[in-house]
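Take a look at this single chain, the form predicted alone, given in structure tokens.
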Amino acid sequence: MSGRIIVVSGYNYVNTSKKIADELRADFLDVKYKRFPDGELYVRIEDPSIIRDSTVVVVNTMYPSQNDSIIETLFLLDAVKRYSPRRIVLCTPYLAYARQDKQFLPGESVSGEVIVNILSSIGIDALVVVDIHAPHLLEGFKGYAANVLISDLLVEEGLKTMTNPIILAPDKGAIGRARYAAEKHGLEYDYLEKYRDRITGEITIKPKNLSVKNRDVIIVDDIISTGGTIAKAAKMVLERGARKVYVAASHALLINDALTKIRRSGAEMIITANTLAQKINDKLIRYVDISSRLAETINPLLS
């Protein structure tokens, strides 16, 4: 790696961006933000002349205020490009609209592809995201794209107060996150599967292969939105004899009464990362700082 390294942050993510800059031993440029009376956004990078021939890391997350954050990020990237940097890396821990990765109904937009295509078209060299819901979306990015998995860091926090633990994914599609954390920590893992009684029609959820009886369980997922799915999973696992249940999710949106649902399910802790521009003050939630993991991923992309 050679040359000057500069970090530019979006409004949503200044504190974590400064931590990343410290990890990278990079300069941190201030940005002026404002909103015009008609609602349009304005950004201006202060002291932009030092960008020329430098490697610039633009850091911004896209929740909450997804639409504003997307536009702001595009404006920052444009402002950076106008000063001829040697290389541009975009780090967006939470990539908005990535849950729609295909057409479920005729006539729908595939919003995840739209966002990735827009970022590709603006001409950045590398894109870093955290635990994107549908990793295959990154195949559409024209430069280098990294999907940073952090389930091992979340599980590590949970293991401090667990006995005889097992890691579960809430469904087969999320098994990769559970496997990643389990292999890092030498633990057993499984996924939850729905079973329908052929006579009564009743649906139950239980691990595919392993028993949770008298074990501590940590359920690993990427996003908690309204909390219904994860609350049902936690409740069912406890009913099957688990000693206690923690929930670990990379992105804890926790919309509406999600916290209430999860608390009522019997889950004792929600472990999440600082991937969003919100931090909810609740004794059920424990946050894990991932700025070092992000810096480790970004560092090789700077040369």
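Everything numeric in this text was worked out from a predicted model, so none of it was measured. Numbers for residues come from their place in the sequence shown, where the first is 1.
Same protein, other form: the form predicted together with ribose-5-phosphate (R5P), not shown, and the subject of what follows.
- The listed set Pro135, Gly123, Gly176, Gly228 contains one residue whose heavy atoms approach ribose-5-phosphate (R5P) in the model of the complex to within 4.5 Å, identified as Gly228.
- Out of the listed residues Asp222, Asp101, Asp190, Glu157, Asp222 is the one that sits within 4.5 Å of ribose-5-phosphate (R5P) in the model of the complex by at least one heavy atom.
- The candidate stretches are 214 to 222, 109 to 117, 82 to 90, 180 to 188, and the one lying within 4.5 Å of ribose-5-phosphate (R5P) in the model of the complex by heavy atoms is 214 to 222.
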